[in-house]
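Single chain ahead, by itself, as structure tokens, in the form predicted on its own.
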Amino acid sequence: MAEDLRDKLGAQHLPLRDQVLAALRTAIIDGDYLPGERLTEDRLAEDFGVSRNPVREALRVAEAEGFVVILPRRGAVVASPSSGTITDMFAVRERLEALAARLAAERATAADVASLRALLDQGREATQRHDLARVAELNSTLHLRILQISGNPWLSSIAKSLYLHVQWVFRLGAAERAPHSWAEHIQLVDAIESGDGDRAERAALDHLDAASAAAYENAEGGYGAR
């Protein structure tokens, strides 16, 4: 992982702090750094091939975003999404995704549905390969695509930062959750394709009920190695 990160950071044209922050977020979301894992400045500087200064700055932003906790006398550790965090996240998702599913059912074109079917195929293949980071990425991509198809730009705008956390929480439980989630996604896309807004909204809410239950269970059980 460290060699890949160093190669990528050197080729980008963003401020170094922003490059380190993006790489740190990705490593946390993908499960390379697990909840509770200590992240020393020296370690991250070595992993990313940079000095400690941009690492220190990136850690402060990551703490504000909820990905990292900085503890007295221990330093930075990867945050552990709590039950309260899960509650807040799904409260927002229920409002956004139920409305987006209803609107998508009313507005989706044949090409829109085909794009969702393609994502379903990719998700199934990634699940079969046990590529959990890719499964989590595709999960967020599918939901963001439905928000886009809804035709309401405010939904997509509001969801942008939320879905980094959605992807992270999903990744932490993906080993158990992924097969069930993609089966529910098929039901959701079928409902959108039907053009029935009520059916699509119900499918979205059923999916979120199952996803939130799994996320709560994972949070209550603690986050071990995946």
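C-alpha atoms forming the largest set that superposes within 1.5 Å between two forms make up the rigid core. Bear in mind the structure is a predicted one, so any value in this text is a computation, not a measurement. Residue positions are given as counts along the sequence shown, with the first one as 1.
The form predicted together with the DNA exists for this protein as well; it is not shown, and the discussion that follows is about that form.
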Inset, instruction - Although the DNA is absent from this view, report whether Leu16 comes within 4.5 Å of it in the predicted complex, heavy atoms only. - result: yes
Inset, instruction - Considering only heavy atoms, tell me if Lys160 and the DNA come within 4.5 Å of each other in the predicted complex. - result: no
Legend entry - Touches the DNA in the predicted complex: Arg52 (any heavy atom, 4.5 Å): yes
Legend entry - 4.5 angstroms heavy atom contact with the DNA in the predicted complex for Gly151: no
Legend entry - Interface stretch in the predicted complex with the DNA - options 65-73, 181-189, 197-205, 161-169, non-hydrogen atom within 4.5 Å: 65-73
Legend entry - Interface residue in the predicted complex among Glu37, Glu193, Glu41, Asp32, criterion: non-hydrogen atom within 4.5 angstroms of the DNA: Glu41
Inset, instruction - Align on the rigid core first; then say whether the Cα of Gly49 has moved by at least 2 Å between the shown form and the other one. - result: yes
Inset, instruction - With both forms fitted on the core, give yes or no for whether the Cα of Glu201 moves by 2 angstroms or more between the shown form and the other one. - result: no
Legend entry - Asp190 C-alpha relocation of at least 2 Å between the shown form and the other one, rigid core basis: no
Legend entry - CA-CA separation of Leu147 and Leu21, closer or farther in the predicted complex than in the form shown [shift of 3 angstroms or more]: closer
